[in-house]
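Okay, here we've got a single chain as structure tokens, the form predicted on its own, with questions on binding and movement later.
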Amino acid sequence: MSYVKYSPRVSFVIKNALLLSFALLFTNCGEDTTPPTVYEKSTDCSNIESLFQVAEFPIGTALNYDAFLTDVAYRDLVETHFNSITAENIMKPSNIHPQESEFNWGASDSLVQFCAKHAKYVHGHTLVWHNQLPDWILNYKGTKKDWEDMLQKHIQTIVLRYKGKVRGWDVVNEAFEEDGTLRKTIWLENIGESYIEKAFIYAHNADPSALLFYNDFNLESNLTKREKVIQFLNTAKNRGATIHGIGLQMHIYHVYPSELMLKETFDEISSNNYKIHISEMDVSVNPLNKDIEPDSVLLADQAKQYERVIRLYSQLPYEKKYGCTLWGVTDKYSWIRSFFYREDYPLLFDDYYKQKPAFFSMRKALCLY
């Protein structure tokens, strides 16, 4: 997920907007210093401000690299509240691999070094996607074997660069349509459906210690899609691919999905022996693009949804909880505004970096559960 204009979101947005419209009728609602593999939360949360210090699993954010470099207040929030960092855009193919024989390491190296210095995890995003591809991949010509070799070189060059420094990778991102069929991408067209399995094999061979994830949106609200994804991944695992977990992007609304839908999603993925990464969470309060102000009712509903997700996620077995990553730090830089051209306030900190009710709700849930 990002704020680029060409990410395909229309179908699920329309579907969920219709569902939500009904719901709204009935509710108000360098030096390599690797972080520890287990973070023990404080036993006394009463005087602790930091989110990650009250959590038993990593609390992450997607990093807007430009804001990180230029905005001191933004950087302070990142350092204070999050111990896992996902690069919002700088590790995507168009940025990190702009030419076939050229890799652009500057920004991602800087991020990895910062995280090592400050004892924060790095989550790599994303190795294989159909969007934000450089022109040379979009225009690539060759046989199926040529495409496989190109994909392998792309994945393994990046993963080897950060071997032992990146905790986990979104290996494949958004490969399924809403009806559960494979998305028609250049990877599917030129390699076939085996590209997904091969991508995981290539990544695992490059860094056997890294945790590898399939990442997608709407899995918490679309049962058909979720079942097809799990079935496909199970088959790939049975054939020998290493797939550790599933990333639930969790771009959700203040009143949707329901608690039952969330619980069923967590339980189903966990019972199929996958770790769960809440990988891109934000909670929209204006999905229908109305002329609104973020009043106390909306913000209270948003806070309840954040609490609900954290509470249910915390109830999972420890070994299934990879962590919770928010897709951004402050509303000011949210991808939703630029992508959907609407006012929205989906994150824990407002445009002025002030803590919202959702912040306190999430912190309390992390303390209690």
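Numbers for residues come from their place in the sequence shown, where the first is 1. Please read all numbers here as calculations on a predicted model, not as lab measurements.
If you look for the form predicted together with a small molecule, you will not find it shown, but the lines that follow are about it.
- Contact check for S50, T325 and Q355: none of the three has a heavy atom within 4.5 Å of the small molecule in the model of the complex.
- Residue heavy atoms within 4.5 Å of the small molecule in the model of the complex occur in exactly one stretch of 154-162, 243-251, 227-235, 110-118, and that stretch is 243-251.
- In the model of the complex, none of the heavy atoms of Y313 sits within 4.5 Å of a heavy atom of the small molecule.
- The shortest heavy atom separation between E197 and the small molecule in the model of the complex exceeds 4.5 Å.
- Heavy atoms of E174 reach within 4.5 Å of the small molecule in the model of the complex, making it an interface residue.
- When the small molecule is considered in the model of the complex, D207 lies well away from it, no heavy atom lying within 4.5 Å.
- Of the candidates N104, S270, N131, T185, N131 is the one whose heavy atoms come within 4.5 Å of the small molecule in the model of the complex; the others do not.
- With the partner omitted here, the residue from K275, H81, K92, R167 that has a non-hydrogen atom within 4.5 angstroms of the small molecule in the model of the complex is K92.
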